[in-house]
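This text opens with one protein chain seen in two forms, each one given by itself as structure tokens under the names structure 1 and structure 2.
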Structure 1
Amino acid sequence: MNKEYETVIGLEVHVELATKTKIFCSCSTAFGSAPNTHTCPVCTGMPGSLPVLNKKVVEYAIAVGLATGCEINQYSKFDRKNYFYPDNPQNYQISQLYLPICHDGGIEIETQAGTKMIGIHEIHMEEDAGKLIHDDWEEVSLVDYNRSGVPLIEIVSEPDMRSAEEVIAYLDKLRMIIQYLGASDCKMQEGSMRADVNLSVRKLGSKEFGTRTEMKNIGSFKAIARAIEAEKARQIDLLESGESVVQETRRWNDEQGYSYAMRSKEDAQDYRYFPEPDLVPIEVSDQWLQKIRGRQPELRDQKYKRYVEQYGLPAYDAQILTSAKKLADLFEEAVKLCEKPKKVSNWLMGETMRLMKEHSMDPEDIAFSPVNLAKLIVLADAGTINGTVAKEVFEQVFANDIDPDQYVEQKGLKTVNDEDALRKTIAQIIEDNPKSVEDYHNGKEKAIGFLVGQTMKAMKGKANPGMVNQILKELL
């Protein structure tokens, strides 16, 4: 029965911009401070205070617009969206309704059926609200205005997506573009990227849209996929049983796996927009636009091509390394230092990925410096440390960003290339393990492995494996 229906999805994505200060005042946007530290009369809506626009916000918004194929409104302005809620001390949010900074763009996503263009209706600038914390002990809520006035862009897509898979691909692509631009870190868990999902269903082949619902602020890609599946099923059930879908805002409860209609704030969805009288219009000259265009960094698709062509990396490596700006930056910095692209790629794709998975980390959480990765590669490549030791040292680099040169020196991990010392140890091992020696002479090649192991153990893993093999065979 689901096959007869088509799901139509549009997204409103809010992204917190990576500026140092808020959109209309010089309060810091830093995370993790005590409640209300970063506040002033402007961002707490004190009467008589006047907002002044942060230029960087305009530049980031335009950069995202250009990277997503949008037209830039060279004449743009702000409007007031009026609503009462304790997270909004002014009783209005300064946003853009009539002349948003960017419009009519789109990005291509990869789907199982091939490449698909998802239209972007508009991108506008606005301010974030404060944070409400519920008091566990009393029937009250606590308000922290540190996020109030933090700059946001809202990216409004066309209703071009037809499945959860397409939605995730779109979000992923968007996140990547914005991260590459440095306009935001786009961390869904920390709320610097949030998505509202507008969804309706219609009979396959129908040209008209069904009634849509909106699900607000879903916290992760996985939760979005689950919310979409559940809402699609709910709407189809309603229609199949002869009922109709009500246009409303719903909240998705990911733990319980269902959504419910929101009341409260949404009771009166009448925002009575009007032009913001406290802010003057923005006129983006051709020159300014050109300057921003000239500063656009290399985006993923270009980077991917360059990694294959310039560094001779396999397509698979280039794909993974460019999948997060953090990885790409680490790669390029480390290669600059050690000039061994494939080795750097191997460490990033192998051990780094393994440890990230082990600690459930995102690439953005990687804390080691390219300098220390490059040093490690140089040590391993010169044979100063062997492969086993290199992995050990890398774990320290990964966890504590230690300096491999110092670490290897202090812990005495250098490969022992001293042939005499090695000969003595091996002679002893042979004497201690007559059974293995006999096995070896009887044609059991595997026995040599055991003897190599014993030697490495005796040398605390620091022996040069090539040398161990060679001397062993000689002495046997």
Structure 2
Amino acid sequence: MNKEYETVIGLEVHVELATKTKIFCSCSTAFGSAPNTHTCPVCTGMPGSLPVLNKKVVEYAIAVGLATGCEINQYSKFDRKNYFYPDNPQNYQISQLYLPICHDGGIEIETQAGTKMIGIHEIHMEEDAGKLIHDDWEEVSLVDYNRSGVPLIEIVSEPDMRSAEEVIAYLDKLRMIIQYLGASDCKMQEGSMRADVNLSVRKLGSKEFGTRTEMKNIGSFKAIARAIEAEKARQIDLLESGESVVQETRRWNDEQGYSYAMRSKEDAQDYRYFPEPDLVPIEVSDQWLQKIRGRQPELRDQKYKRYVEQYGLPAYDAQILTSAKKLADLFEEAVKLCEKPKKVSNWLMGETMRLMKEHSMDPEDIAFSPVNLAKLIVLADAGTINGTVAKEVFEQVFANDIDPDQYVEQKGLKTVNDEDALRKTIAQIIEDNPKSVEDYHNGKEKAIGFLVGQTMKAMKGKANPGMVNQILKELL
């Protein structure tokens, strides 16, 4: 890659908000329903239907603005953005151009190069479009208007990023903030977080921006990183061969690893924006703003520091546990119940992560309750069940959220601490394995491991391992 060039990247991130109903009507926003079942005259753009603003959308937008250090416009308006596309039923989109709800913020990111502030130009509210489904077999395109009117915020960054690594760090931080606020689940695979990448290249040291292209709606962090590298290389190749970069919108094909032009890039005048005549301006009172500010939760950065200071967790544990709100909530609730922070951390970072990986799950998909995790930790810590049994029980907790107390009782899994019963079993194991006994007496320490294993097998895994070791060494 040519080292004489610098990449300049800005992002437009669209986030579907976690409201139960759409931005301007009472249709459901639930994902995955049958096509065109969550629609009404408003969100399908029927003549004469009138939008009514969902108050929760404004509150979520302000909450995200406050969490990203933005100024809040206490007087803001909606505008009509006119464009013609089959999945846009009104032939316009209600958005905000002139007076967006939030502006001039920024978030700090961390990469291998250190920390850096990425500016946020604005955050505005708008409605989502429908979705086209292309049927290659029938050679037709079908339209589903379930998504039409789902509330969005668009977070427009400053062109402050210089690499794919910075872009991913910014998106990751943004996603975490929004998930902690409960404003969206930010599931890229379901389209509730989508990023448009504006990218240009320029000679190192140059202050002038190059001609930018925009790549639309890229669906995963990995695809975004690949698209950035490919577009950077494409633009440098053009400039090196004496050609110029055309300002245009491009579509990234992640499977084939290349982008292609969709249309020439529009500027604001191409959309013929004008004030939305069917909606009054939004006036956010000081009291309303204070109320939203007072509801702001503890975000990841503060939580991380608190876990290290309050619970004495290693920095690594605190980093992993706060990486998803679901994990942090589970951790805190379980600690309240059993007061064993390091043990809770170990179970979440060990067995929970292992099973999540095995089942290809996200932290948000975890279904077990902190109550049952705390109960399991208490049982294991008290020696009521041994480590092997505890893992077996946890698999049931993870899969079916069973009550560990009841499960251990019903299945007869309590640790056997009866010394006489253990002595009899161990004596029999020693008698049945003279070769291992001889090996042990000849200095082969590993031989005792085999005898412990045989004892545990005979006791169906329920013996106290410490007691087994102690009695074995004594009898040997």
Partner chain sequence: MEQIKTGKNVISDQTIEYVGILAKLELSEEEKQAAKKDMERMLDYIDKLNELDTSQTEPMSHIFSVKNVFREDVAEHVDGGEDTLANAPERKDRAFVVPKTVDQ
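Residue 1 is the first residue of structure 1, and the numbers go on in sequence order from there. Bear in mind the structure is a predicted one, so any value in this text is a computation, not a measurement. The term rigid core refers to the most C-alpha atoms you can superpose between the two forms while keeping them within 1.5 Å.
Structure 1, not structure 2, is the form predicted in complex with the partner chain. If you fit the rigid core between structures 1 and 2, you'll see the Cα of Lys291 move by less than 2 angstroms.
After superposing the rigid core, the C-alpha of His359 moves by 2 Å or more between structures 1 and 2.
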